[in-house]
Each structure stands twice: as C-alpha cells, then as structure tokens.
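Have a look below at one chain only, the form predicted on its own, in structure tokens format.
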Amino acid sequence: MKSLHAQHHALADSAYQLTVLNPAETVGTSFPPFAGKLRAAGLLPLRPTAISVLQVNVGKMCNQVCKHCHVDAGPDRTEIMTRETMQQCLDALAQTDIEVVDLTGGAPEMNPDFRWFVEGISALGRQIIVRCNLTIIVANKKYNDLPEFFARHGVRVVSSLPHFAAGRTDAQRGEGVFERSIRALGMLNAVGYGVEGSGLNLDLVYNPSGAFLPGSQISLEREFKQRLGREHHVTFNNLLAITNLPVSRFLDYLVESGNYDGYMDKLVQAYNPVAAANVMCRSTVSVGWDGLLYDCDFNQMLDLPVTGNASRHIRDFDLASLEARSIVVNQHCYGCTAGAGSSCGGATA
C-alpha cells in the first residue's frame, strides 16, 4: 500500500496542486481546470450561501476497512477527537443558528466521548445526523443499544449499504458485512427507524463499486426498497446516491487499475452547472478530528483547509468570516458536479 499512497501524494502534487494567491485555480493537470467551469457559470469565486451544516469528523478509527473509503479509516487509525475539541464545537454551535450537526468518522460511535457529544448537541436543540456503518451496532454488545440511544435523541441515521446483494456489498466492504448490516437494520426498524409515521429517519447510501457514476437515485431507491423489503423484511426512508471522488483509497484503486484518466474524463464530460451551483460546501463547514476547519469532508482528506480571513480552527469559530470566504476548489470537485450531482445528502440537481 505504501507505493499506492506515494502515487496518491504524487497526484495530489500535480493534478490537485493549488496556487497560493488564488486557490481556485488548478495547474499541472491534463483535464480542464474545474475553476474554469465555475467561471463560465459565473460561480467563481465560489462562496457560501449560508452555513446550515456543521459536519464533524470525530475520528478515523473504524471497525471496517472498506475498499473505497475516502477517509482511509480502519481499526489501526488513532486520530480521535478529544472532549476538549468537542466542547469547542458545542461552544461554536451555541453562538450560531446552525441547524444541523453531521457526525462522521471512521465509525463515529467508536470515539469514547461520542455519546457525551450527541447529548450536548441534543441539549442545544440541533438536528443530529450520525453516519453509522451499521455493522458497529452488532460488532460488540456495548454498541447494541445504539438504536435506542439514537431514537432517544431523534438522531437521523445515514448508513452506507453498497448494494442489496450480499456479494456486491461484501466485495466492497468486507466478508460478512451485508449479513451484519441487515441485522443492524432490523434492530433499527424495531425501535421505529425507517417506519412510516415514526419520525425516525433511516437513510441508506449507495455508491458505485467501480469506476463509473451512480444511476438514477429515484430508480435505485425503488429497487433497494423492493429487494430489501421482500428478501430481508427491512425498511428505510431514502436512498442517497453518491459519486466516488478520486480521493484516498478510491484514488489508489483508480491508479492501480489504470482507470484514473478514464474516470476523470467521465466526471469532466458529465459536469453539470446546476449541480455546481448546489454543491454542499456552500452550506457546510467541515471540522477535522483535530479541530481544523475545511470547506468539505473531501478537502479535509486532501489537507486543503479554509483560506483567506476565515477562522481556521473550531476554537476560533467565527461564522461571519466563514460565510464570507472563498471556497477552495480543485479537480476532485468534478465528482460533486457530475450528472445529477453528489453530496453527503445525495443528488443535488
């Protein structure tokens, strides 16, 4: 893996290089600069509309090692957000009207202060999203009560399930993951998640297993609901179709398989200016496990922090400066603007 990660960083230095004075411009790439697409649409510099989501990565530790994980998460990762940094997040929320807190990882539940953090956010009356990988619920009995805990705090659960077929899910996420995910979905359904009229939202995330774009989100949702309901008696609310961005392990896969150029060409050819106007970074600020601030989760994984006069760390959080910033864009942003668009909330156009 070391050689692939070396290639990853080499690509980051070329295809993803940014100029210091104008971070929206890209150099050293064989594909049209993404910034040029924004300029043509009158969107450069790209600026926030209004920040309504604080996405917080509470650590990179995970009980799974998924092939396409853009966080490069796994059991051996030691980056964990401290309670001090979590308190700084709560302090920032208390001084703003930010509506949604989106908790991610790794498996966010593995952070020892996860429940304390959820309780603190809940006390502030904010909507909470937890990006749960499902298998964590059944991984150890200390996590078995997560469905009840989530329900108690009205958490919206968003969970990745690559496919309704066991073989395709296990190929991407590991042997036995599908069976454990179905067990966890049943436990969530049992407390009301995904059940009509319960008010407890359970959404699934689909992302392709190879170097291609996702199909129609509406069609995929219909098929997932039919197959999972008929074959496994589980229900959910919405399916979110997400495009794989050329970052971390998926970038490794693209390089190793010789699909990098072809995949980037697909993203460029599928560029959609409507999706570009609705990218999630316009309404989101991403907080790294160490408290550093980024425009989005993908920029966080590429070590591209917020620029300009915007506050750089959650302890110095200043909403006005963040809403006035220019968003750092680069070639990987084609992934969020291809076809129907892609965000942590699914299609955008």
Partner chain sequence: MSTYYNPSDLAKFGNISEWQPEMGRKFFDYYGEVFKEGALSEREKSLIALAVAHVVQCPYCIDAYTSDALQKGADEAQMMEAVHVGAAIKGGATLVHATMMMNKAKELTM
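Keep in mind that this is a model prediction, so the values were computed, not measured. Numbering follows the first chain given and starts at 1.
Same protein, other form: the form predicted together with the partner chain, not shown, and the subject of what follows.
Would residue 223 sit within 4.5 Å of the partner chain in the predicted complex, counting heavy atoms only?
Yes.
Does any part of residue 212 reach within 4.5 Å of the partner chain in the predicted complex? Heavy atoms only, please.
Within the cut-off, so yes.
Should residue 95 be classed as touching the partner chain in the predicted complex when contacts are defined as heavy atoms within 4.5 Å?
No, residue 95 stays farther than 4.5 Å from the partner chain in the predicted complex.
Answer yes if any heavy atom of residue 190 is within 4.5 Å of a heavy atom of the partner chain in the predicted complex; otherwise answer no.
Output for residue 190 is no: heavy atoms all beyond 4.5 Å of the partner chain.
Single option in 168, 152, 83, 115 placed near the partner chain in the predicted complex, where near means a heavy atom within 4.5 Å
Exactly one residue meets the criterion: 168.
So which of 198, 140, 257, 219 gets a non-hydrogen atom within 4.5 Å of the partner chain in the predicted complex?
It is 219.
The partner chain in the predicted complex: contacting segment from 160-168, 130-138, 71-79, 274-282, heavy atom within 4.5 Å:
Correct option: 160-168.
Within 70-108, which residues come within 4.5 Å of the partner chain in the predicted complex, counting heavy atoms only?
Counting only heavy atoms within 4.5 Å of the partner chain in the predicted complex, no residue of 70-108 makes contact.
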